[in-house]
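A single chain, nothing else alongside it, follows as structure tokens in the form predicted on its own.
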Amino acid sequence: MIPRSARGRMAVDRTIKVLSTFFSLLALVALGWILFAVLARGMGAINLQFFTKLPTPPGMAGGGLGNAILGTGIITAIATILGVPIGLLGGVYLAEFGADSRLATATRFTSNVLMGTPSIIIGVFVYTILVLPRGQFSGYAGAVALSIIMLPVIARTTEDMLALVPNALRESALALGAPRWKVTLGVVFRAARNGLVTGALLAVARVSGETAPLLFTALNSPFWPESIMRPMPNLTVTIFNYAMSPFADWKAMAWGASLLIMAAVLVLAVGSRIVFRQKST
């Protein structure tokens, strides 16, 4: 090993600190710029009608995106109901039962690949298996696509959170004669509950701004949601359609919807941080 002088090590250390500080500030400036632009352009569209009224034709005053807000909530809720339990069970298997088995290794590899898969590919996949056979777009298909995106996030977060639980807790409960499944649900889950909630919130934040999967599955609708088996309005596709239009009032609505989604994602992200901090303390 070639010896290095103390002066050289200090110079490298200062250089790394300066570069890391610079790029951190650059990221904060970019984020602040985005937040300011969306807030400045979107606040003008936020009013009571925005949350309660249907969209109006271009050029007509008034109207809102109440149907898209409701549709987004329905799709996200169904995706959460579908994705969270399966993701939790997958994480429990990886952390508590699978360990280093071949199936667990393959599951982790598949989960990592799925996390890196572009969301549009998942949208095309769900379009092929759910939309084409029925010949109709649906909110249910959109929820399935979003739940698939949520699965690897929840599974890996669950595995990491359960791995942080001390083995002494498991051994103590098993020594008292409790079956393994009761130990997992009653002891391990309770000890890791804050982290599990954090993983679910992060997964919801991950899918709340997805557009491509919904273009292939839920599509959109200018009416109030009537059935999850029919095309369902949603904010992300509405933003895409309105932002690409030549109408100024639609563009203003698109900025308002962008502000709403951004605020929801920030609330989820900050909430997950608070929950995780409470777990750490």
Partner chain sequence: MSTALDKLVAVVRGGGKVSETTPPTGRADVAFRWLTAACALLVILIMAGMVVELFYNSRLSLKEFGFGFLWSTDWNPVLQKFGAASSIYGTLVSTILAMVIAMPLGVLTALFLVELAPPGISKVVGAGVELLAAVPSIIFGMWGLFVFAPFMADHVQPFLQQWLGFLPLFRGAPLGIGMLPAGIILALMILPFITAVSRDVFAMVPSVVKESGYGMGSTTWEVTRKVTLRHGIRGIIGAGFLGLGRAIGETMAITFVIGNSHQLSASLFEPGNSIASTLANEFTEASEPMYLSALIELGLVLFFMTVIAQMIAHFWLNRVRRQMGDGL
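Note that this is a predicted model, so its numbers are computed, not measured. Heads up, when I say rigid core I mean the largest set of C-alphas that superpose within 1.5 Å between the two forms. Numbering follows the first chain given and starts at 1.
Although not depicted, the form predicted together with the partner chain is the subject of the following passage.
S.K.: Only one of 60-68, 210-218, 224-232, 43-51 has heavy atoms within 4.5 Å of the partner chain in the predicted complex; I'd like to know which.
M.R.: Within 4.5 Å of the partner lies stretch 210-218.
S.K.: S272: heavy atom within 4.5 Å of the partner chain in the predicted complex?
M.R.: No.
S.K.: Is it the case that M244, even though its partner is missing from this view, gets within 4.5 Å of the partner chain in the predicted complex, heavy atoms only?
M.R.: M244 belongs to the contact set for the partner chain.
S.K.: Using a 4.5 angstroms cut-off on non-hydrogen atoms, would T184 count as touching the partner chain in the predicted complex?
M.R.: Judged by the heavy-atom cut-off of 4.5 Å, T184 is in contact with the partner chain in the predicted complex.
S.K.: Would Y140 sit within 4.5 Å of the partner chain in the predicted complex, counting heavy atoms only?
M.R.: Result no; Y140 lies far from the partner chain in the predicted complex.
S.K.: Any residue of 100-137 with a heavy atom within 4.5 Å of the partner chain in the predicted complex counts; write them all down in order.
M.R.: Read in sequence order, the residues that approach the partner chain (within 4.5 Å, in the predicted complex) are L103, A106, T107, F109, T110, S111, N112, V113, L114, M115, G116, T117, P118, I120, I121, I122, V124, F125, Y127, T128, I129, L132, F137.
S.K.: Kindly check if the Cα atom of V267 is displaced 2 angstroms or more between this form and the one not shown relative to the superposed rigid core.
M.R.: It does not reach a 2 Å shift.
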